[in-house]
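One chain is shown next in structure tokens, namely the form predicted on its own.
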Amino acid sequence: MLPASFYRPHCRIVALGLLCGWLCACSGSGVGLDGNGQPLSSSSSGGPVPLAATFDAIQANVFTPICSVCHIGATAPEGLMLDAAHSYNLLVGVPSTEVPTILRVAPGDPTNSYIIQKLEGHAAVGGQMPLGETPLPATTIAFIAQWITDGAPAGGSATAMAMATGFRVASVAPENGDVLAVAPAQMVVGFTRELDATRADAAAVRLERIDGAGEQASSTTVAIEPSVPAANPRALLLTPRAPLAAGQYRIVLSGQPGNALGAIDGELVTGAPTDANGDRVISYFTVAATP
């Protein structure tokens, strides 16, 4: 049975998502750039974050003020959310949905990283990002390229989270309650610590389609391919083996002995069970259109 909050109207309905896509696609509105087209330095705390070849600096100067204007929530183009909670795990080691043979960020290889191809305007699909807006200065793109050349390490905030918390879910895409205009090509669950990839299999994580409602609701397991990108061992990539049909779905982490996901140090994933079987439902989402 779905929680009542799942059915409440919210801003991420399909019609609004399509309107956002038509109006702004993958762009910003110039917010985050100064009069010379350079990113403004800012942070959530209000203090300056100088642009540098680090993930935290790029997030504060580029992804948050410029890219996440449209790359956020259920309407994010290609499912790529670039807010601080999701960007790293949706970029590093994750295949592009437009050109699946190319990683969005390939650590150590900026030339073959799709994000650089899109920012420079020579990607095989689509236009230069931010779409329809002033391109990022070459100097800004150079900082992003250098971060990738350096191995695309995670930011200090992610390291602090790993030290301060147990092994648990840090982010999930699609998010709980999302209504997606089109079926996702992949789903990504981010964790606070590195995963033991040998435990990341179909017994540890499931995608279920929900049929019916209320007490009559039932679920059917959907075939997916779980994997942990070598370049980003804190991310669990879930790839459907066939396009998802329109309907309601949930992502479930097993709480059963011997099947639970574990960190590389052996710690099992924590968090309160959310169903009678002791499993954890971490996201309910709806696909509105049949592929």
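What you are looking at is a predicted structure, and each value in this text was computed from that prediction instead of being measured. One-based numbering along the sequence shown.
Omitted here: the form predicted in complex with a small molecule. The next part is about that form.
Peer 1: Answer yes if any heavy atom of Thr149 is within 4.5 Å of a heavy atom of the small molecule in the predicted complex; otherwise answer no.
Peer 2: Judged by the heavy-atom cut-off of 4.5 Å, Thr149 is well away from the small molecule in the predicted complex.
Peer 1: In the predicted complex, does Glu133 come within 4.5 Å of the small molecule, counting heavy atoms only?
Peer 2: Judged by the heavy-atom cut-off of 4.5 Å, Glu133 is in contact with the small molecule in the predicted complex.
Peer 1: Is Leu80 close to the small molecule in the predicted complex, meaning a heavy atom pair under 4.5 Å apart or at it?
Peer 2: Yes.
Peer 1: Hey, in the predicted complex, is Gly177 touching the small molecule, heavy atoms inside 4.5 Å?
Peer 2: Heavy-atom contact with the small molecule at 4.5 Å: absent for Gly177.
Peer 1: Using a 4.5 Å heavy atom cut-off, which residue among Pro184, Gly126, Pro107, Gly190 comes into contact with the small molecule in the predicted complex?
Peer 2: It is Gly126.
Peer 1: Which one of Ile115, Ala74, Val172, Leu195 is close to the small molecule in the predicted complex, taking close to mean a heavy atom within 4.5 Å?
Peer 2: It is Ile115 that has a heavy atom within 4.5 Å of the partner.
Peer 1: Counting only heavy atoms and a 4.5 Å cutoff, which of 91-99, 149-157, 200-208, 214-222 contacts the small molecule in the predicted complex?
Peer 2: Flagged stretch: 91-99.
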